[in-house]
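Shown next as structure tokens: one chain only, the form predicted alone.
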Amino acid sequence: MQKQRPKHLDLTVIRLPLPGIVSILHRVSGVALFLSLPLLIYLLAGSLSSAEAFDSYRAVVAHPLMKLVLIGLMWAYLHHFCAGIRFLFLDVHKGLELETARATAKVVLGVSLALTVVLGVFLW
């Protein structure tokens, strides 16, 4: 009996498993971190150059929208870090079994979100 395979990939119909979602989020978070480098360098330079620049830095960072952006970048960093550790273990052939891969994907999502919430509340 031959399986019915889709002739085209409709991404709205295909249900990706959790390890696949973690993998895609790892890539998305890496791109977000790379694209945010100019903003982060600007903020770092503003916090280090002079007292006046530091005051303007504090005004920019105090805005609620900027706080949300920075919390989003913090999640991107934490997720990228946790998923990177998971992928390092997968590269040395640890955790390749289906149940272990699913469990570690859940741990990556849980830990990165929990750390983001804790640090976000602390920094808000």
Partner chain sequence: MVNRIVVGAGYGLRDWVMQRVTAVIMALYTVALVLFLLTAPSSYEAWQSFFKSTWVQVLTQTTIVALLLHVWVGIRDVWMDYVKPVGVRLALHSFTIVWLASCFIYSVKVVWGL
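A quick note: this is a predicted structure, and the numbers were derived from the prediction, not measured. Numbering follows the first chain given and starts at 1. In this text, rigid core is short for the largest set of C-alphas that superpose within 1.5 Å between two forms.
Just so it is clear, the following notes concern the form predicted in complex with the partner chain, a form of the same protein that is not shown.
At least one heavy atom of Arg27 is located within 4.5 Å of the partner chain in the predicted complex.
Looking at Tyr77, you'd find a heavy atom of it within 4.5 angstroms of the partner chain in the predicted complex. In the predicted complex, Ala51 approaches the partner chain with a heavy atom inside 4.5 Å. Contact between Ser56 and the partner chain in the predicted complex is not found at the 4.5 Å heavy atom cutoff. Interface residue among Val61, Leu96, Leu88, Leu68 relative to the partner chain in the predicted complex, by the heavy atom within 4.5 Å criterion: Leu88.
Shown without its partner, the chain has Phe34, Leu35, Leu37, Pro38, Ile41, Tyr42, Leu44, Ala45, Ser47, Leu48, Ser49, Ser50, Ala51, Phe54 in segment 33-63 as residues with a non-hydrogen atom within 4.5 angstroms of the partner chain in the predicted complex. In the core-superposed comparison between the shown form and the other one, Asp91 has its Cα shifted by less than 2 Å.
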